[in-house]
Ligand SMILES: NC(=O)c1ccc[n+]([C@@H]2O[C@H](COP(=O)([O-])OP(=O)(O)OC[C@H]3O[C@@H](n4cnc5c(N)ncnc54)[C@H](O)[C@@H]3O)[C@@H](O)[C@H]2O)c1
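The chain below stands alone, shown as structure tokens; this is the form predicted on its own.
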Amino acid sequence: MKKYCMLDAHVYPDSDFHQEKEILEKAGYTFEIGNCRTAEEIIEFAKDAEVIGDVYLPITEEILSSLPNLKGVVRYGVGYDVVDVEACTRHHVYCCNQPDYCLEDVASLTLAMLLDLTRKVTFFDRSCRRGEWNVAYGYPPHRLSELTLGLIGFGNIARTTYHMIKPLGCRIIAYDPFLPDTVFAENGCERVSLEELYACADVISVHVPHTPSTYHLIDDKAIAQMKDGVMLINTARGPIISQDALVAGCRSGKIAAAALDVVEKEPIHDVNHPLYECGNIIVTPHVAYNTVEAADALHCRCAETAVSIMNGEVPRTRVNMR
């Protein structure tokens, strides 16, 4: 019987995967839950699987070449940087992500971070807890209606973020070299070059995938092009922003503040980590996607994707053609 294997269930310790069980059983397929942590464990556990579900484990050439029955890799998330997509294509395996299961959720955290940074909620809270009561603490706040927000990337999440923030009155500009002008026009968003965005934006929010071309997209050179006192938000992928450049910018004052849901090397357990030593950086533990509703949608859509592959269909959310 055709089988779908979820590889690293330990990432979701509170999940019973009932959505997958119900959807796969109804379709007449088998579903198995694994707690793999190494390539060897993946190869042994999924040796007869037609589709594997993966959260964070690297899916490599070694693994793909060792699973002769495999027809699909289903990523539990939007990004698919942990999967060797070219190797998937060589082995005639679909690589699929879930690009739209958490649009509202990531956008709402981006909005929360924008409000937190501009009104200094977390920073004032930290100051008060130190016994201070200083309304002038830190950088000067400005009205949202006086600020320009720059979105790097204008895909599904960025567009959802744009429409959520637009009613607050700030000017919003966006950069995305891969979209036609019609997408910007249809959404009423001002399109700019990356250089224009760096020069104009008071707050910059990152919404691009992690690829070789976006690795350290924001580095020392990029930060030098930004306005003095710029604020940065990253709810995309950590390696898009150079940690060393960010810390240096926050320490020098070039960057007034930053809010990060993702960091270059996750997770962070060192309480003396450089990001934590900067009082003007807020960090959350990669939780932008994490709501009850998004979790349910993710489990259902991953299962539905697996079923479509085992049914011999071309999956809707493929990122390659096998």
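The first residue of the sequence shown is number 1, and the count goes up from there. All values reported here derive from a predicted model rather than from experimental measurement.
There is another form of this protein, the form predicted together with the named molecule, and it is not shown here; the text below is about that form.
Undergrad: For the three residues Pro99, Ile157 and Asp176, verify that every one has a non-hydrogen atom within 4.5 Å of the named molecule in the predicted bound form; reply yes or no.
TA: Each of the three qualifies.
Undergrad: Between the options His273, Lys254, His286, Lys47, which residue brings a heavy atom to within 4.5 Å of the named molecule in the predicted bound form?
TA: Partner contact (heavy atom, 4.5 Å) among the options: His286.
Undergrad: Of Leu147, Ala222, Leu103, Val230, which one comes within 4.5 Å of the named molecule in the predicted bound form, counting heavy atoms only?
TA: After the contact test, the surviving option is Leu103.
Undergrad: In terms of non-hydrogen atoms within 4.5 angstroms, which of the given stretches 60 to 68, 293 to 301, 257 to 265, 26 to 34 touches the named molecule in the predicted bound form?
TA: Result for this chain: 257 to 265.
Undergrad: My question is simply whether Ile165 lines the interface with the named molecule in the predicted bound form - judged by any non-hydrogen atom within 4.5 Å.
TA: Answer no; every heavy atom of Ile165 is more than 4.5 Å from the named molecule in the predicted bound form.
Undergrad: If we define contact as a non-hydrogen atom of the residue within 4.5 angstroms of the partner, is Lys120 a contact of the named molecule in the predicted bound form?
TA: Flag for Lys120 set to no.
Undergrad: Can you work out whether Val78 and the named molecule are in contact in the predicted bound form, taking contact to mean some heavy atom pair no more than 4.5 Å apart?
TA: Val78: contacts the named molecule in the predicted bound form.
Undergrad: Residue-level contact is defined here as any heavy atom of the residue lying within 4.5 Å of the named molecule in the predicted bound form; does Thr214 satisfy this criterion?
TA: Yes - in the predicted bound form, heavy atoms of Thr214 and the named molecule come within 4.5 Å of each other.
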